[in-house]
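Just the one chain here, laid out as structure tokens, in the form predicted on its own.
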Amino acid sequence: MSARAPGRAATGHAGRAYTRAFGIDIGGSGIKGAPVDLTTGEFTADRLRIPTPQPATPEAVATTVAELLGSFDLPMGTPIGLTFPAVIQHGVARTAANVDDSWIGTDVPAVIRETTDRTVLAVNDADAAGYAETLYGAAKDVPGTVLVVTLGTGIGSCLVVDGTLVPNTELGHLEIDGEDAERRASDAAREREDLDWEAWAARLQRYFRVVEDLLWPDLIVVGGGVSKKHEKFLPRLDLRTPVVPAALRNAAGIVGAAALAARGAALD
């Protein structure tokens, strides 16, 4: 899917335009959703959060999504985007993180449509968050190759090239020095090993240097909850690529999913 320029409605070959869409962010502990103004990237109503059912099976999650959607007055035909903690290929979950393994091989939009009678677009959670940063956040109006990396339980990645999302990059699973990168450089690794900021920054330095040698990005955006403390570790990095903290934080997944859904609906 190609990105559109911020501040304009998503339009397609059929001439349809969308200035509003709805985003849903499915996580291991909570399912969150809100309507999004696509000209600004801002919520048009308060975000609603419902705890993720346990176990987070397809049927249970779809029921919770239906409850969330039912809490908003959404006209039929509203584009709905859904982030999912998995590799998503043409709507099918190929992996599952923090949700039940029964999702693997499942057509995510089909499951949601069966329960809600709504058409949704499913996208990897890191891809949605990163795409939002390129439209409305820290990478807005940046041409070329933008890499958005989220540091949390693992390392999520999103690659956008000249406004076009390259899905499912999974760069947190690069093997570096014989080990899965996120095992050493995620925020969870920092906490698990009780690393100080200098020691963790050294691991991030190694990770980002490998990534920039592979991709030669024009900008790296660092997200995840720890990005709120970016001044403690980003200045310690010595990279040729400019590195900035994410701007949208917890809203990014919802906003990116909504934007991608609107774009997809406009091009149908």
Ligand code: BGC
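Heads up: residue numbers just count along the shown sequence, starting at 1. Treat the numbers as computed from the prediction; the structure is a model and nothing was measured.
Keep in mind that the form predicted in complex with this ligand is missing from the display, and what follows is about it.
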query: One stretch from 130-138, 167-175, 192-200, 107-115 that, in the predicted bound form, holds residues within 4.5 Å of this ligand by heavy atom; finding: 167-175
query: Triple contact flag 86, 125 and 155 to this ligand in the predicted bound form, non-hydrogen atom at 4.5 angstroms; finding: yes
query: In the predicted bound form, the one of 97, 188, 159, 142 near this ligand [non-hydrogen atom within 4.5 angstroms]; finding: 97
query: Interface residues of 182-200 toward this ligand, as seen in the predicted bound form [heavy atoms, 4.5 Å]; finding: 182
